[in-house]
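Shown here is one chain on its own, the form predicted on its own, set out as structure tokens.
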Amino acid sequence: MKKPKNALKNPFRRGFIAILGNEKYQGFTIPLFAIILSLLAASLLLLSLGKNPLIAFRSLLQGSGLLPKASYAAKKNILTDFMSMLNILTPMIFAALAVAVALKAGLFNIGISGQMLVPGFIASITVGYSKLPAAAALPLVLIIGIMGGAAVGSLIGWLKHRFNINEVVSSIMLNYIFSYIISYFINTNYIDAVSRQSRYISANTRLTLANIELFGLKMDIPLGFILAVPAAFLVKFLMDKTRVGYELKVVGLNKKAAQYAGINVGKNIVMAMAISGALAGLAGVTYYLGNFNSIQPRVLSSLGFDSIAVCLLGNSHPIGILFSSLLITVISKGSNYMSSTINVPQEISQLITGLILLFSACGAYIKHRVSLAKDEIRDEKLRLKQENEEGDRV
């Protein structure tokens, strides 16, 4: 008879369990472990191209404004690069939070791009082309972002509740419906003859202060970032400390049990999608009236789809999303500089991002393997204890 394998004598497995086995911290340790594995895989890729991974990763940080470059253009330095990175980071945080809220309620909101586009367009034509002063225009832009995104999200939630139309199908279809309708209005009424995009909005209505001279530097200051970080903590408070958040999570875990407990499942589905849509709307106005100041017809922002992977990388936790959004934005922003400094195609940075997201998607599998290893070690301890007790009796 084959002797059972002693799991306790495997130092790698014991170390693996010691680091990842604590369920209290798995929301942090498993995504971090996945990121480390992805960076190791990216390092092997760079080595196969004859490039030094440390230099490549350093250039990513330099390009994103987290490390200083060797030289800068006039009126530019590390601060201007960092502020530019924050400008890209802001809509990513809002969009990933939108995905997280829907996931907590058991819904998959894949229509973030459409929920960004609608309020972005409405805010552009109603406020962006007006002559309102900034003090009146900027709050209006934010209100339109929240209301417009919430309206689209509520529609998807209502279709799910009223007709049991899968939210993935309805949100994807609405993405393209909104895209084509808005493209028609842009091409017929708001097109810029040179750029072939919508006309540029006025500076007073833009959520990014562009080319502001400060400390002898010219930089972009993203006003929306002031709201993005508090929004993450607000979502965490909503989910953990309020009745609304509790009901949304119960509905997400088991709709039948929630209904049996007296929770209005339909109302909470609509509410979850409304909150998700409102956050997506904020992503839209900080993207189209912040990072950019026009809309390209018939183009859905890839940020809306990237935010799904960013949310999963952050374990759908609001605070984790802040860090995962930063990581992906750093890679995205620093890719151009890495490409020019170490002479690799820019697609390599996209491949590195893909590896990070691929390994992060394996988080559930890693957690499963950790659970199995813990069970094996527990069974081994029990077997050894039984053998010792039998030996004592003999």
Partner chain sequence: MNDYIVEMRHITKRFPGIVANDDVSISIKKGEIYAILGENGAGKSTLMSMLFGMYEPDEGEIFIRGKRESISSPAYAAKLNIGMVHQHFKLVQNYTITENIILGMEPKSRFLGFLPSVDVKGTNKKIAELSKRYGLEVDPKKKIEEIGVSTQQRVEILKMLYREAEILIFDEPTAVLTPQEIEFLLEIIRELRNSGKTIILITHKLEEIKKVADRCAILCRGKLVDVLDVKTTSTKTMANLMVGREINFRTEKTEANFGEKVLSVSGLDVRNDDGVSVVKDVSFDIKAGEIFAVAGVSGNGQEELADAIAGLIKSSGSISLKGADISEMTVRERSEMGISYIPQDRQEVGLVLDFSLGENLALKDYYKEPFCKNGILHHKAFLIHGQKLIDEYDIRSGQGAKTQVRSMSGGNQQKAIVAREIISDSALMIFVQPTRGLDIGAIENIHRQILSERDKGKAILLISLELEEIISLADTIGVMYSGEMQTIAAAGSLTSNQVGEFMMGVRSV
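Numbering follows the first chain given and starts at 1. The shown structure was predicted, so the numbers you read here are calculated from the model rather than taken from an experiment.
One more form of this protein exists, namely the form predicted together with its partner chain; it is left out here, but the text below deals with it.
### Query
Which one of 262, 216, 230, 133 is close to its partner chain in the predicted bound form, taking close to mean a heavy atom within 4.5 Å?
So the residue touching its partner chain in the predicted bound form, by this definition, is 262.
#### Entry: Residue (of 200, 323, 237, 72) lying close to its partner chain in the predicted bound form, criterion heavy atoms within 4.5 Å
Among 200, 323, 237, 72, a heavy atom within 4.5 Å of its partner chain in the predicted bound form occurs only for 237.
#### Entry: Site check 40, 58 and 62: each within 4.5 Å of its partner chain in the predicted bound form by heavy atom
Heavy-atom distance to its partner chain in the predicted bound form: none of the three under 4.5 Å.
### Message
Is residue 147 near its partner chain? Define near as a heavy atom within 4.5 Å, in the predicted bound form.
### Response
No, residue 147 sits far enough from its partner chain in the predicted bound form that none of its heavy atoms falls within 4.5 Å.
### Query
Taking the shortest heavy atom distance, is residue 247 within 4.5 Å of its partner chain in the predicted bound form?
Taking the distances in the predicted bound form, the answer for residue 247 is yes, it comes within 4.5 Å of its partner chain.
### Task
With heavy atoms only and a cut-off of 4.5 Å, decide whether residue 78 touches its partner chain in the predicted bound form.
Taking the distances in the predicted bound form, the answer for residue 78 is no, it never comes within 4.5 Å of its partner chain.
### Task
May I ask you to check whether residue 193 falls inside a 4.5 Å heavy atom distance of its partner chain in the predicted bound form?
Heavy-atom contact with its partner chain at 4.5 Å: absent for residue 193.
#### Entry: Per-stretch contact check against its partner chain in the predicted bound form, the hit in 288-296, 272-280, 248-256, 88-96 (non-hydrogen atom, 4.5 angstroms)
Careful reading of the contacts points to 248-256.
### Task
Scan 358-378 and note down the residues that get a heavy atom within 4.5 Å of its partner chain in the predicted bound form; none is a fine answer too.
Residues within 4.5 Å: 375, 378.
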